[in-house]
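The form predicted on its own is given below as one chain in structure tokens.
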Amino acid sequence: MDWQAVQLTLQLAAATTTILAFVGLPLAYWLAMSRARGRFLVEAIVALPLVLPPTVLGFYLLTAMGPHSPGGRFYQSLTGSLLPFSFPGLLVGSVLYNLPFAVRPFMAAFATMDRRLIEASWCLGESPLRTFFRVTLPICRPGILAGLVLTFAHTIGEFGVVLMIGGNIPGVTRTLSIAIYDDVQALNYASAAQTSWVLLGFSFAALLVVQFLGRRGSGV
């Protein structure tokens, strides 16, 4: 077992999940509650990583973060380093790739909520922000937790986007999925099997948690 890859993978999953918790919740709330005309376009863009091949997304992100792009030059001027083949670059790609895995469960939770409860809170004098934290979040907590679990689990198993943006640098961008790929290439099937079993068990446990939260949220 490559423990350095384990540590890096957990760091990437934790950072991605944390960022999407702050970014995805307001975006999902707007998509679920808004009646704006452009909402469907935004929803399609958010869902794009679900159908776009990871290598295609990785290629465009690699181009957008490169030293010849405005974003890449700006980051290099601030930090003196490049985004591609670095952990920050890996994190940017992971956040964008996992966006629908967080936003869509959040949206489903918000969409099934009884809006009369929100309106009742407003009528009692609570602000929209206080209503969101004191009424909406507690009611939608199972769906929100399910989205966070899915995001964390999906990040653990990322391969295509990780390989395109981060490459295979030990201690920097070499995640567990890349480690399995390397072991297979080196015909080290015992090590690949060991890591694969760990990821299989983790994925199954994550799905059980999501199913439990789904039943709890639906009252079954």
Partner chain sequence: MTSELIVDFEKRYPGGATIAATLRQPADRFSLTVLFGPSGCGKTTVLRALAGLERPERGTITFAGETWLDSESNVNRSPQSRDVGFLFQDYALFPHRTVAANVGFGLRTMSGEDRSRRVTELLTSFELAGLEHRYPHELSGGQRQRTALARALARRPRLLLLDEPLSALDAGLREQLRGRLRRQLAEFGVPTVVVTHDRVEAIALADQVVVMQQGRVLQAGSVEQIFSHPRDLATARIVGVETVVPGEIIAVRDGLAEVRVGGATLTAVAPDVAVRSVYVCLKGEDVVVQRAATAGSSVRNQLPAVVRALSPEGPLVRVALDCGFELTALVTRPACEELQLQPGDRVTALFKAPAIHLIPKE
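Positions refer to the first chain, counted from 1. Every value quoted in this text rests on a predicted model; they were computed, and no experiment measured them.
Heads up, the form predicted in complex with the partner chain isn't pictured, but that's what we're talking about next.
**Student:** Is Ala108 one of the residues lying within 4.5 Å of the partner chain in the model of the complex, judged by heavy atom distances?
**Tutor:** Ala108 lies outside the contact set for the partner chain.
**Student:** With the partner left out here, check for me: in the model of the complex, does some heavy atom of Leu124 sit within 4.5 Å of the partner chain?
**Tutor:** Yes, contact at 4.5 Å.
**Student:** Taking heavy atoms only, is Leu82 within 4.5 angstroms of the partner chain in the model of the complex?
**Tutor:** Close contact is absent here: in the model of the complex, Leu82 is far from the partner chain, nothing within 4.5 Å, heavy atoms only.
**Student:** Give a yes or no for Arg130: in the model of the complex, does one of its heavy atoms lie within 4.5 Å of a heavy atom belonging to the partner chain?
**Tutor:** Taking the distances in the model of the complex, the answer for Arg130 is yes, it comes within 4.5 Å of the partner chain.
**Student:** Partner absent here, but in the model of the complex, which of 133-141, 146-154, 71-79, 95-103 has residues with a heavy atom within 4.5 Å of the partner chain?
**Tutor:** In short, 133-141.
**Student:** Within 4.5 Å of the partner chain in the model of the complex, which residues of 85-118 have a heavy atom? Give them in sequence order, or say none.
**Tutor:** Going through 85-118 in order - heavy atoms within 4.5 Å of the partner chain in the model of the complex - the hits are Arg116, Leu117.
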